[in-house]
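Just one chain is shown here, as structure tokens, and it is the form predicted on its own.
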């Protein structure tokens, strides 16, 4: 069965979640365009979630984004509606396209909506028993040639497929947040996987204009295989530094150097907050279950015991976690001993800045280097200057740089990634880093 036929009845499970909504948008737009180009065929997109309110919000989101997409692709829209004499103005065609997108969408709370689908995208919460239960239910009601593309970011695919009786019919299709914007798609192929499913996954990735990085079926894969170890190093550095400087200052030091000194878009604790402290713990537990590699943090456990979860609101606003935020700016750090946020009041944090020392080159930042045609040369000069500038901040950044490179090289050595280039692609495309961690900048 070819891709176009399978796209005639598609289901997204967990459709109204952060990742599911983006996947739903990608599919809704693709299906709407295909429906206008193949008017002799019927296309349906079934969006399943447990929350009615979230599904209504998803429909509003799909309409809003359909309007924006049509505005960007006006020449294509005009061509598709060339035979509609009732549509003259661009605005009329844009609204007609938004109507077209929703015309093919069905929403519901039960899996029965997927019973005629031969292609199912699963974006449920990262819990093994939940996903296995979903797969078993789908296997019981869907056609025997149904395939599952799962957005799981850590659970081994062979575990899910074997436990649900879906061996050969499940492939990892790990989108990065937000799926509609992010170019990276991490494709995880288990040892037992139908060749037709592999071909469909590759073809669909091209259709969705994604850059594919393959990963082997080892817990955490490339993205979280790196992120969890990167985060744990930051946490261990805090625990070490806290003995001399106190916990709050230690978090400040590590977060600031991992962002500003390493020229990243976020500090490590800001990134953990963005993903969610609870999600970080969940992924650690999954990876530790299958790898037995010491992937655990009592500090993360303590934060969650105190109700500090991070994550984002439904509108995308950052929730407080390790750090406290005000309109996106970091304004405080949570102290688990005091069980309160210590605000950056210009006293202790100013002293902490003095202790770190001057930034190696204050003219350089992640933002300033975006799209720079001389990026590699500037990075080589910048990191090459670290040896002549041994401030406390530079020492912390140097140690962090080396640890993250070692963790990345291990992903290749352990067979998670096929190559150093693949690890670097995941970090530059999926995490928006300026450079891949496997490099010789400090050599």
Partner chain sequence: MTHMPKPLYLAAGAYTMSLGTGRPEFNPRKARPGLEHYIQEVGRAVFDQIEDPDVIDEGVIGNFMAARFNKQGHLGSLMTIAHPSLEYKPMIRVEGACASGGLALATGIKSVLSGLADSVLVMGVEVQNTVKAVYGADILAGAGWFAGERKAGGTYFFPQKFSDRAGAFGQKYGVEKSRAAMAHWYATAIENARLNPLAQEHHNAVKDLVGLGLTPPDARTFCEHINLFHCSKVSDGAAAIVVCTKEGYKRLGLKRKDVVKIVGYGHAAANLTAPPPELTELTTSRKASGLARKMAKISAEDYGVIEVHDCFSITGMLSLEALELAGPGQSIDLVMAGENKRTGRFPTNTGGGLVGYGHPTGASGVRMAVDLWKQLTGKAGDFQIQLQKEHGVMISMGGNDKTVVSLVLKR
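Numbering follows the first chain given and starts at 1. What you are looking at is a predicted structure, and each value in this text was computed from that prediction instead of being measured.
Although it is not shown, the form predicted in complex with the partner chain is what the next lines describe.
Against the partner chain in the model of the complex, the set 34, 40 and 43 makes no contact: no member has a heavy atom within 4.5 Å. For the options 132, 219, 94, 184, the one in contact with the partner chain in the model of the complex, meaning a heavy atom within 4.5 Å, is 94. Out of the listed residues 334, 253, 81, 147, 81 is the one that sits within 4.5 Å of the partner chain in the model of the complex by at least one heavy atom.
Shown alone here, residue 87 lies within 4.5 Å of the partner chain in the model of the complex, counting heavy atoms only.
Within 4.5 Å of any heavy atom of the partner chain in the model of the complex lies no heavy atom of residue 314. In the model of the complex, the partner chain lies within 4.5 Å of some heavy atom of residue 74. Shown alone here, residue 409 lies farther than 4.5 Å from the partner chain in the model of the complex, counting heavy atoms only.
Exactly one of the stretches 43-51, 24-32, 66-74, 398-406 approaches the partner chain in the model of the complex with heavy atoms within 4.5 Å, and it is 66-74.
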